[in-house]
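What follows is one chain in structure tokens, specifically the form predicted alone.
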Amino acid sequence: MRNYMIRRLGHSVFIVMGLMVLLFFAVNVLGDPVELLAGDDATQEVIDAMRTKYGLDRPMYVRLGDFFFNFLTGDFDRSIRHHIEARTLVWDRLPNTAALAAVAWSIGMLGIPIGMLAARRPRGMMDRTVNILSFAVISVPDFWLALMLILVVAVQFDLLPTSGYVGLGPDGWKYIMLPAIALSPRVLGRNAQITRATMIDELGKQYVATARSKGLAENTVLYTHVLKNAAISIVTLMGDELAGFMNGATITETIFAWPGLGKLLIDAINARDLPVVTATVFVVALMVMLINLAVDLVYTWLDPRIAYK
């Protein structure tokens, strides 16, 4: 197990480094970053001065070497827009995205018991209802649902604020609920579908018939044996959805003015704030890597037969 985790960490480091290389060339080869910063109306003298100021007049290989040296030391330079360290800005926004992801993910986990109810009687009324509703909620676009929630819940009924942020304290729940609800239907529907499908598949296996022949109660068979064997697929999906939230719910955060990584990235791209873009991409990649490692650890707890060598 230890050797496997070391290899996984090594692979993850190479993946992150490769991602940063792609980002560097995307910024420096596919376009001139100075022209992005200066704008269309800048004179050649201004462009040359900015190129010298930001060290972009040096050869590409020198800039790549400096980029990786700064990357390995955790220095992403100062934000061009906010005039503070880019890494500080990103780490300050990370808890906001993590909190939003945790609430939306928790709501989405309600799909697991819903899928379990559907699997109890395949092709029954509950199963058909769950199938229809899960496909329906998965098909709802996040941005449309976010706008409808603002219009109905916040404007028409004045139950929750339309947008904003007052911190993650006791009063913050009012501002986090609408964006979390807007993000959760897709996760809820997918959890219900995968739980239903995997449990129905497990119900057709021999060990279920053996458990029933021994006189075990149906709830014991379903929730102790079948659910545990079906949990690998469910945990995989849950990890994937959580990693997707940590990528930054860009559109939802922008609509609700939630100061998370997604909104920070969009604002940085619009402001041509390249240090913040680089720092945000790195932190998101790091979070996704850690979530995937955690999912691998959960596999061994769910099924002791899984052995990493």
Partner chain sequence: MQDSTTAIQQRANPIAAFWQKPLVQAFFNDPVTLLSGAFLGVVLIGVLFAPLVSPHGYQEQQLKLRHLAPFSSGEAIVKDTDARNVTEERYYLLGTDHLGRDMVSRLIHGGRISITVGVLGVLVSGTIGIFLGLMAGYYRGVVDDVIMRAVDVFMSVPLLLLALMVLFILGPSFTNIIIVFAVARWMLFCRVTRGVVMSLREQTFIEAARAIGCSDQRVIGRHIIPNLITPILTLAALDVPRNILTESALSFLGFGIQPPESSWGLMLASGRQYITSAWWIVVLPGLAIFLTALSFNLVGVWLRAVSDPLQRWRWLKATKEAKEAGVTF
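The model shown is predicted, which means the values in this text are computed figures rather than measured ones. Residue numbers count along the first chain shown, from 1.
Although it is not shown, the form predicted in complex with the partner chain is what the next lines describe.
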Each of M5, I112 and W301 having a non-hydrogen atom within 4.5 Å of the partner chain in the model of the complex: is that the case here?
no
Which of 128-136, 88-96, 215-223, 174-182 sits within 4.5 Å of the partner chain in the model of the complex, heavy atom basis:
128-136
So, L19 and the partner chain: in the model of the complex, are they within 4.5 Å at any heavy atom pair?
yes
Check whether I269 has any heavy atom within 4.5 Å of a heavy atom of the partner chain in the model of the complex, and answer yes or no.
yes
Any non-hydrogen atom of A102 within 4.5 angstroms of the partner chain in the model of the complex:
no
Is it the case that L72, even though its partner is missing from this view, gets within 4.5 Å of the partner chain in the model of the complex, heavy atoms only?
no
Any residue of 272-299 that, in the model of the complex, places a heavy atom within 4.5 Å of the partner chain
R272, L274, V277, T278, V281, V284, A285, V288
